[in-house]
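Just the one chain here, the form predicted on its own, laid out as structure tokens.
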């Protein structure tokens, strides 16, 4: 190539990002602590819309009376496959999504025009157990993303240019991050997944401006730390307690609430004790990272009942008393109602929302469950069955709370159990799985309720609505397939959700569960929906893109049914508005 063509090629290469980029919808409005604490309904500024984790918007221009007129406003293909799970985050006309493959894409929220795209180069030898991402955090004039190679990246919200990058943990040990970061008081908080690879779980906070690490708190304590006595020997070093999902935050008390994953390895013989703070909710002081309170749902867990979803923070009445509640639909199949205080987390009540045959009693003062030990898998037990399954009554897809209806909504799966064989010898080795069972045993564990010879149940997925004041089920809408459905509820008395293998995205009446509208999408929907307003018009947005654990659970169901379910692949942002 001669010099003239070289100069031309260089000039074209330099110009390409500008040619690809579109004009921003308007000046970017910085995201402050005040805006995050009291988000305007027209925007969706964080993972669940507000710090309390409600998954609720007060917008009501789209309502139960007109949602039947909803139509596609625009769609955007991401160019990626596998599970698209992040909510479209919107700030005054600018939308930010994440995709598998460590991409962040900024879009014009009204038109779908691409503004910029960031893609982190991933190590080719990276092992990805969950190739997905659950969204960004907005803070100041930056966008923050946590990546599957365990880095935290700050981007300029206007241009997508990298401001700083920090290594959070060791991806070669299969530490990885899929959660949307939590931003508060000048800090960006994240945690690491890897409960099946022998992580010692943690939440870490980084300075929003510089990326300097402010603190790191392990969810599995060392022997000289509070709770360290619940781990024998050095088992805490690879004890699990991973962090998959964004925490919730109480600005009044400056406490962030995080859900923690299962202990590792799954067989309990080598880790006698409660194994704090796995399968728990922990309350962390955001200034120091100090653990101020906790509640453990399944002490000495043997069933992979991660409780990674942070509790939803609700001021409500429970059992005739007004409380500042922390409510959580557990993977163990119980709906937990806790009381949050200046640090300690007190137990109020728990009721089963799907079949659980392991718990024989729950202590009415402490909430500690008593187990039927015949349902605990382990050495010398042979094949052991238990309910709910490894996937739980509810996996990570978030619940929702609607202050207008006063109902708490759960995307549940019922009538499913698991069967686990004798465990295998397990010894931690960096960069390898640390489960105690073969992958084949894990993925082949699903059973219908009733055992190997039981007929297929008529329904599995359930969208449930609970009245927290009475502790009673208000209504339930059932599905023949499993339901992997993050929820959005609105001031228009609506619930929006996908989650089924038929590719449908639906709107339900939040007062009675009736299906009011549905539309097919290119793939299955396991993304977190959001809603926002631009120029006075309300939109509803969600990503379509089936994969990861929803697809793995589908494979387990298919094995039971002797068939193969095919859900088309490919990620698409779907945005709807009224005709």
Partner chain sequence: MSISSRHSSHSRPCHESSPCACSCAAAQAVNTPRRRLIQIAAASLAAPLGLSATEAWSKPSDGDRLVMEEIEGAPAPLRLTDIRPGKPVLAFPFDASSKSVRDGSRLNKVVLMRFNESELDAETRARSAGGVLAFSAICTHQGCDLKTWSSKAQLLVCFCHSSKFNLREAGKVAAGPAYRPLPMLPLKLDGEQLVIAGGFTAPPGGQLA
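Residue numbers count along the first chain shown, from 1. Quick caveat: nothing in here was measured; it's all calculated off a predicted structure.
Omitted from view is the form predicted together with its partner chain, to which the following refers.
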Residue (of 432, 114, 287, 372) lying close to its partner chain in the model of the complex, criterion heavy atoms within 4.5 Å
432
Pick from 92, 268, 128, 493: which residue has any heavy atom within 4.5 angstroms of its partner chain in the model of the complex?
128
Would you classify residue 555 as touching its partner chain in the model of the complex, given a 4.5 Å non-hydrogen atom cut-off?
yes
Does any part of residue 82 reach within 4.5 Å of its partner chain in the model of the complex? Heavy atoms only, please.
yes
Test of understanding: in the model of the complex, would residue 472 fall inside 4.5 Å of its partner chain by heavy atoms?
no
Wondering, does residue 160 line up within 4.5 Å of its partner chain in the model of the complex on heavy atoms?
no
In the model of the complex, does every one of 119, 171 and 439 come within 4.5 Å of its partner chain, counting any heavy atom?
yes
Would you mind picking out the stretch of 95 to 103, 178 to 186, 455 to 463, 317 to 325 that comes within 4.5 angstroms of its partner chain in the model of the complex, counting non-hydrogen atoms?
95 to 103
